[in-house]
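What follows is a single chain, given as structure tokens, in the form predicted alone.
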Amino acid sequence: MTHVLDAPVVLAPRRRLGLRLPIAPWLYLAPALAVIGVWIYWPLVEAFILSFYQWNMLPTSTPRPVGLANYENLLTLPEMRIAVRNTVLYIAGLLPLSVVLPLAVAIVTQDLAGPLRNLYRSLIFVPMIVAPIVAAVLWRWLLAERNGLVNQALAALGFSDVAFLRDPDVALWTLVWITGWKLIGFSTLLLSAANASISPAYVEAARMDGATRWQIVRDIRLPLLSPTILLLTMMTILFGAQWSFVYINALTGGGPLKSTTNVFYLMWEYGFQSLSAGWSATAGVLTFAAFGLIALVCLTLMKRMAVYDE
């Protein structure tokens, strides 16, 4: 009987990797990545885990697992539907103030002389440097039902007083105006800088061909301003409702009759007023998922629609 000996296993020499990972850039990025991981992504993971628990945030209490009950309850709450609807209204109301109006101002004032242009830019930018809580107090005084300057001006014109912060039909649009008032200066400066960077050769060539002012705006300025316009539009959609949080908290508290609340203020109410950490985390996870999808759509549209001067 013959024995077949196993052939000796010959290990192939390991191939040396042709790619060498550059270490130096990652070392430079390490502090920033660590901060992002600790302060953004780790809390996001914690919020996702907490969304499956009920907890009143007291150190002596233990979080109780509830599965998907938080999601089921939150999606059927009427106040959640109101908050989502109001969030859409905030975004829709802010777009004209943060994009359309600044775009018109930037184009119309492009031909102003130097000192006058600097003066108008300074005046427009002043609301941006005012602290949000100071702006809220200022507008509370201006919009007071009695002795407020706005209502006194309306009375001088023959109109009756308006309860800007107590009328459910007016309060939300009042907060939209205050939030947009703070954004007009920033958006105008950004669009003015982009408008100034357009090569004058394009405009001169169009004028020599007999193009009118409107045709120059339509065919040259607007296409070349499209990256900035789309960026401001995306920022307003993603962050506009967040920027109104300070004014909701300081001026209306989400009222009257929940007419000014939005999803971000509702998260704060669940977490720090009713101490329902599970519901607050669930609302945060749903909001993150919804705005994440919107951000992907916006980035895709920006890549397809933006026109760059190459």
Partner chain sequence: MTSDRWPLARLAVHGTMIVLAFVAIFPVYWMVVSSLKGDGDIYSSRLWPEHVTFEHYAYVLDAIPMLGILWNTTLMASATMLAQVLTGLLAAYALTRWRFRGSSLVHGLVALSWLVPFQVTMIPNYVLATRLGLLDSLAGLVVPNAAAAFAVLVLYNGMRGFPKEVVEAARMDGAGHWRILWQIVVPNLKAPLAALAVLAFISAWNEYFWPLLLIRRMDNAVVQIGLQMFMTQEGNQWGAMMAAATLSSLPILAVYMLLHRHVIDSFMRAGLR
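Residue numbers count along the first chain shown, from 1. Since the model is a prediction, treat every value here as computed from it, not as a measurement. Rigid core (definition): largest C-alpha set, two forms, superposition within 1.5 Å.
Another form, the form predicted together with its partner chain, is not on view; read the next lines as being about it.
Trainee: For Val137, is any heavy atom within 4.5 Å of its partner chain in the predicted complex, or not?
Mentor: Because a heavy atom of Val137 falls inside 4.5 Å of its partner chain in the predicted complex, the answer is yes.
Trainee: Should Val297 be counted as a contact of its partner chain in the predicted complex, where contact means heavy atoms within 4.5 Å?
Mentor: Contact check for Val297: no, nothing within 4.5 Å of its partner chain in the predicted complex.
Trainee: Is Ala201 a contact residue for its partner chain in the predicted complex, using a 4.5 Å heavy atom cut-off?
Mentor: Looking in the predicted complex, residue contacts with its partner chain do not include Ala201, since no heavy atom lies within 4.5 Å.
Trainee: Contact with its partner chain in the predicted complex for Leu33, defined as at least one heavy atom pair within 4.5 Å: yes or no?
Mentor: Although its partner chain is absent here, Leu33 would touch it in the predicted complex, with heavy atoms inside 4.5 Å.
Trainee: Though its partner chain is not shown, can you say which of Gln215, Thr109, Ser226, Asn73 has a heavy atom within 4.5 Å of it in the predicted complex?
Mentor: So the residue touching its partner chain in the predicted complex, by this definition, is Thr109.
Trainee: Which of Asn151, Thr174, Thr188, Asn86 has a heavy atom within 4.5 Å of its partner chain in the predicted complex?
Mentor: Only one option qualifies, and that one is Thr188.
Trainee: Since the chain is shown here on its own, which stretch among 234-242, 73-81, 87-95, 166-174 would lie within 4.5 Å of its partner chain in the predicted complex, judged by heavy atoms?
Mentor: Selected stretch: 234-242.
Trainee: Using a 4.5 Å cut-off on heavy atoms, what residues in 39-53 are near its partner chain in the predicted complex?
Mentor: Contacts from 39-53: Trp39, Ile40, Tyr41, Pro43, Leu44, Glu46, Ala47, Leu50.
Trainee: Relative to the superposed rigid core, does the CA atom of Val130 travel 2 Å or more between this form and the one not shown?
Mentor: Result for Val130: no, shift under 2 Å.
Trainee: Aligning on the rigid core, do we see the C-alpha of Arg140 shift 2 angstroms or more between this form and the one not shown?
Mentor: Arg140 C-alpha, core-superposed: shift of less than 2 Å.
Trainee: Spell out whether the Cα of Thr212 moves at least 2 Å between this form and the one not shown when the two forms are superposed on their rigid core.
Mentor: Yes, the C-alpha moves 2 Å or more.
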